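Here's a solo chain for you in structure tokens, the form predicted alone.
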Amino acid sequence: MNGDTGFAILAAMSVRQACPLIIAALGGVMSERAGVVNIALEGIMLSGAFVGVWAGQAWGPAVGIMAALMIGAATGGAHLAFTQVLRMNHVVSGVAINLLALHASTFLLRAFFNQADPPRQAKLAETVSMGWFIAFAFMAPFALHLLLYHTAFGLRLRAVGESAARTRLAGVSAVGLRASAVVVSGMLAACAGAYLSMALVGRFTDDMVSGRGFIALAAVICGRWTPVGAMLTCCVFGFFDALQLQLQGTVAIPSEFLRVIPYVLTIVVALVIRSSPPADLGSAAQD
């Protein structure tokens, strides 16, 4: 394999690995710009991955993707209810959703997929093209940037994240804006999970998200809570994830050490890049 071919393979792998991070990070930007901490990205991605494969095998890939988006919206709605109605701590709510998704998906995998037909799962992977997900991942950040910074809705959404109380005084429903942002956030995270199970891998496996939700959340912070900044950070993470995959078996370094590179990078970047979150992040809005 010559250098040009190796670089082309690395670039293609980087795009594939960055794609779910970008989509999930956009969900994080939406939620946190509205003032809701979304630690639950990991669990929502896992839910979308499982439901997408389950519904896709039963009724086809298109239904699988729609089902994944629906479970994402429902889980995002649950996080919204916990944090804004029941006033639960945002981090506690997110951790609870993550744990529930992890153990529920493991149980349901044993219950539903132990007798799954492998050829049918392979056909599902061939049917769902990665191209659509990748195109969406690299176009959506610019669309979201326009929405947040060049529309009245985006101005109000960012205002809620800075001060829900002042937004109420201006006659704008803080709860309604946060509800729309968190539900869309859940749908985006579930879409990222569906990409993993329905396009990248072709089947659901235990804990297949493997911390990508947390890396996406770190990308939101490192990208200064902006869509394009989060996308660029995810591309860096995707490159190092692809690099460790390509290096496995070619260098005399334990594979476990190589697999930890993206997570170490996440910590380093988060420590180096200093940014200020929305002022009202983590609060409960009232109308």
Partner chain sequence: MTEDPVPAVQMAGITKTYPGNVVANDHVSLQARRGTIHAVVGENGAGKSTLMGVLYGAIRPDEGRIRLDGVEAHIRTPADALRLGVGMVPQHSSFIPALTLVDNAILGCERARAGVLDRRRAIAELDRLAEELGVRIPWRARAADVSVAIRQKAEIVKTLYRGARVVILDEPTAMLAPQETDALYAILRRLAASDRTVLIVTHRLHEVMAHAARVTVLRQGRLVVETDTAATSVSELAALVVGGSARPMSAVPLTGGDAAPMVGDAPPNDADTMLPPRDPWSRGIEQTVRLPVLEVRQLELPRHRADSVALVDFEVLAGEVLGVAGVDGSGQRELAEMILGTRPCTVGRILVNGRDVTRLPVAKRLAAGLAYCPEDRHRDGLIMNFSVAENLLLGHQWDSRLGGGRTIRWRRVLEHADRLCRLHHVRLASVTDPVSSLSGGNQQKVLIARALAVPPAILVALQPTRGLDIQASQDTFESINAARAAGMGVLLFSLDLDEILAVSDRIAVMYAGRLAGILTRAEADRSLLGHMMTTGSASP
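Note that this is a predicted model, so its numbers are computed, not measured. Residue numbers count along the first chain shown, from 1.
Beyond the structure shown, there is the form predicted in complex with the partner chain, which is absent from this document and is the topic of what follows.
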Handout entry: Gln84, Ser105, Thr167, Asn98 - the one with a heavy atom within 4.5 Å of the partner chain in the predicted bound form
Key = Thr167
Practice task
State yes only if every one of Ala152, Leu155 and Glu162 has a non-hydrogen atom within 4.5 Å of the partner chain in the predicted bound form; otherwise state no.
Solution key: yes
Exercise for the section: Spot the stretch among 142-150, 87-95, 209-217, 196-204 with residues whose non-hydrogen atoms come within 4.5 Å of the partner chain in the predicted bound form. Expected result: 142-150
Practice task
Check whether Val172 has any heavy atom within 4.5 Å of a heavy atom of the partner chain in the predicted bound form, and answer yes or no.
Solution key: yes
Completion exercise
Taking the partner chain in the predicted bound form and a 4.5 Å non-hydrogen atom cutoff, the residues of 211-239 making contact are none
